[in-house]
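In the form predicted alone, a lone chain appears below as structure tokens.
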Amino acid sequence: MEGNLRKIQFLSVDLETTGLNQKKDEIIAIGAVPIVGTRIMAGESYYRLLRPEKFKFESMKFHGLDPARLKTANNFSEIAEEVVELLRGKVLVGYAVEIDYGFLKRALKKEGYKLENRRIDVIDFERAVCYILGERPVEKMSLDSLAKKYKIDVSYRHNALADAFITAQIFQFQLLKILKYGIKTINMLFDLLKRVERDRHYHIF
């Protein structure tokens, strides 16, 4: 079966940044957890701290990373090639994934690389799961509320790798649900996501 979901290589990605402005702020941590089909490959996880050109102390309240920890870290240009290899051929998974994707795309473009991965946001995926199963979505659709729904431990948060692993587990549960419903290929999944986005104004979502 072409594009069989059980064989697709996914990558759950989470970043820590100095802020949310993709034009001015910088990536200071990358966490990534590979997923093959429904199997989380935790042993192949990726985590890197990065040294920004300019540190914003106000962002510490979100990620807890101080300049001293980042002083000896690589800058992005030094690891750009390994990031490209990490992302190659993967469908990216994330919570509010377009934000992280935008940061990665801009950072890699500065190094001469073009990023064109397909993406799945677990927020949109959750809406799709609820849509086809007739479930009511969790309130606010936060990462914590989604983790609570699927009984995932969130004792350690706001670390790029920890959040990528939480997101990977949420995605795993979602994927298992739609596989049981009969969504078997990656194209069927993306068609479902498009359908839900198109119809969402006419439903409780």
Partner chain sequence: MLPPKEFLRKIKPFSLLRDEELEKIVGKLEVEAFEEGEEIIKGGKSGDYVYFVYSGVVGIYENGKLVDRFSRGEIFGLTHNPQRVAVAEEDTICYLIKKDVFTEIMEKNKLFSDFFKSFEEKRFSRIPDLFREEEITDRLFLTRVGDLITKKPVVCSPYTSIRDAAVKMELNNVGSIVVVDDNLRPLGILTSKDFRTFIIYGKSHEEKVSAYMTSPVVAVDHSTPVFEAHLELLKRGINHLVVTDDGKVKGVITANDILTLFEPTTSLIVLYRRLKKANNLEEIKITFKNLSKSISALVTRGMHFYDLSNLLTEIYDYMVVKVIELEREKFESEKGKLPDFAWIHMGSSARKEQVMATDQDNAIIHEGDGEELLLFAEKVNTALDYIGIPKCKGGYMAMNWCKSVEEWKNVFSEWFEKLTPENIRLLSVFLDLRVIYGNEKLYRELIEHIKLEHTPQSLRFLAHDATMTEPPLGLFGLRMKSKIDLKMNGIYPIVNGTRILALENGFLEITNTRERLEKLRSSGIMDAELAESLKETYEFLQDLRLKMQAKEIVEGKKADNIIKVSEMDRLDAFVLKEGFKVIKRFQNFLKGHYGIERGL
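These figures come from a predicted structure and were not determined experimentally. Residue numbers count along the first chain shown, from 1.
The following text describes the form predicted together with the partner chain, which does not appear among the structures shown.
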Should Lys7 be classed as touching the partner chain in the predicted bound form when contacts are defined as heavy atoms within 4.5 Å? no
Would you check, heavy atoms only and a 4.5 Å threshold, whether Asp153 touches the partner chain in the predicted bound form? yes
Applying a 4.5 Å heavy atom distance criterion, does Leu161 contact the partner chain in the predicted bound form? yes
Heavy atoms within 4.5 Å of the partner chain in the predicted bound form: does Arg39 have any? yes
With the partner omitted here, the residue among Arg136, Lys180, Lys148, Lys140 that in the predicted bound form has a heavy atom within 4.5 Å of the partner chain is Lys180
Output the sequence-ordered list of residues from 172-188 with at least one heavy atom within 4.5 Å of the partner chain in the predicted bound form. Gln172, Phe173, Leu176, Leu179, Lys180, Lys184
